[in-house]
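Below you'll find only one chain, the form predicted alone, shown as structure tokens.
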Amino acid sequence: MSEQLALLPGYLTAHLQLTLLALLLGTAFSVPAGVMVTRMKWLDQPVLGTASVIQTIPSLALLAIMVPALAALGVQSIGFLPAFIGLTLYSVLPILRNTVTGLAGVDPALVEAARGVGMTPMQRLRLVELPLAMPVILAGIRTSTVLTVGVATLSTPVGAPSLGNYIFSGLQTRNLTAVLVGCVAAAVLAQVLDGLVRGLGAAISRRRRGWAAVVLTTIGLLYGYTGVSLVQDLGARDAGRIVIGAKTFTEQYILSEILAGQIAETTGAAAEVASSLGSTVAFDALRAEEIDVYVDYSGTIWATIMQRESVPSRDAVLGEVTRFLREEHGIAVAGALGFENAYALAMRRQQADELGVQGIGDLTAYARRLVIGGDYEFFGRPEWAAIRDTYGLSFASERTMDPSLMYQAVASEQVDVISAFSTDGRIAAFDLVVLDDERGAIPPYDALILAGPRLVRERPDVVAALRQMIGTIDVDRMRRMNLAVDQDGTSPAAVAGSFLEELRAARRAQ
């Protein structure tokens, strides 16, 4: 618990930055837009309709859309900016709709009376309509506040730190303490911010100026802290820092910590980890020089980035991937870590023995009455299409789930087959059997250290430090490290630290 609480100030500050600034911009747009809609009725459908359409887009998808959209514009495509824009868009509809509803609900007789005493349209709006509509508008802001706090936890996969870091990493590493801390902190933050808006509304309606001043001062202090901390964060991100990316599963958390430790020890450069990035988000960020290094897999680059369908030899894939990355994107393959983490289909050993299934081809006769589970990406990846088409598989049902839950799902007989990862220690822990890919549908998946263009140009010492990691991790060692996190509850940083200490000892003994 103490380890998780030590992370809380940083994650909470980052969450506040996203939430408060998105709400500020969302309110600044929505209230004037709501006023315009009530004045120009023809704007009702296009403005409210557009806001409604945005609201129907799944929040994680909206945030993910920001990454390629911003990259196409040549601006920061991961981190604070895409999350901020996505959250701002999500905050608009409740405030906009309530502004329109509140203004439309003002008694026409009062508006007419204001016109009769000679008030201008702006005076009527400022002195009559907005004050009377304010309770309804504040109700919309309250709704938007709670919504934005919750959606902000999904900013982690686009590279923006938040309380969602607790939740994403906790789910992947089976650390329920981290998940609990993240959920409780987000809930408390939502209640505090909602309480401030509610208190402001009560003070205004009861004309308690002193209480309104206290609430506004508190809100002002929060915004002041948010602004100052954001400026400090941006200022601290100097060109000398090395940013290491990590995707959303245990192995990536461990490897990113290993690379961070290796870089810091060997070069003295400050290294930080940007964790829980989406798969293509990590590659796009490396290409755009927003992260400097991460571990990817030759098969992922081959199938997803290069969009190749054939599966040549392991050496041929590695050679072509290396050449493609260097020539097309200026990315260097610092080397292979020494193990392969391939996609694989796995079953409970007992069920596989009962059915006589040893390879993927043996599934063909039984697939129509079996259920297969896969991670978020699997059923949309070329690898699945290759497996399905090569072996002619048609399962009774395909279920997408969190990668950390797949192994538990197959062990508890909720699914029959899963898209396992060959280095996952839970294969042995749950007594699963990996099915042979007799026809070679799955490409090789060597774990490769990818160094971004900036490191290649400016930091050859860091690239040299990364090359020292070539061949240092075999598949058995990677499985043990994964299992130490997933089953024993050891933190990825602690597992990485132990590995680096053993590596140093082995080098000294040579």
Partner chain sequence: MIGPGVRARGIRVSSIGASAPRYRRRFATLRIGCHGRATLIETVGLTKRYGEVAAVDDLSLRVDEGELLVLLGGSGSGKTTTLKMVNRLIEPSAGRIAIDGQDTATIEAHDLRRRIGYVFQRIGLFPHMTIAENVAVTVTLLGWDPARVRRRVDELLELVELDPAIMRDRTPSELSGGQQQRVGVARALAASPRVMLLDEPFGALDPLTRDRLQQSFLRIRRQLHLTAIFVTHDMVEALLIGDRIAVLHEGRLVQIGTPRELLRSPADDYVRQLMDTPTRQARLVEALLEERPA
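Positions refer to the first chain, counted from 1. What you see is a predicted model, and the numbers here were worked out from it, not measured in a lab.
Keep in mind that the form predicted in complex with the partner chain is missing from the display, and what follows is about it.
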Quick one: does Glu112 come within 4.5 Å of the partner chain in the predicted bound form, counting heavy atoms only?
-> yes
Taking 4.5 angstroms as the cut-off for heavy atoms, does Gly220 touch the partner chain in the predicted bound form?
-> no
Going by a heavy atom distance of 4.5 Å, is Gly380 a contact of the partner chain in the predicted bound form?
-> no
Distance check, Thr120 to the partner chain in the predicted bound form, heavy atom within 4.5 Å = yes
Have a look at Arg323, Arg349, Arg369, Arg207 for me and say which one sits with a heavy atom within 4.5 Å of the partner chain in the predicted bound form.
-> Arg207
Taking the partner chain in the predicted bound form as the reference, which of Ala385, Leu196, Leu132, Met306 has a non-hydrogen atom within 4.5 Å?
-> Leu132
Choose from 418 to 426, 121 to 129, 388 to 396, 288 to 296 the stretch whose residues reach within 4.5 Å of the partner chain in the predicted bound form, heavy atoms counted.
-> 121 to 129
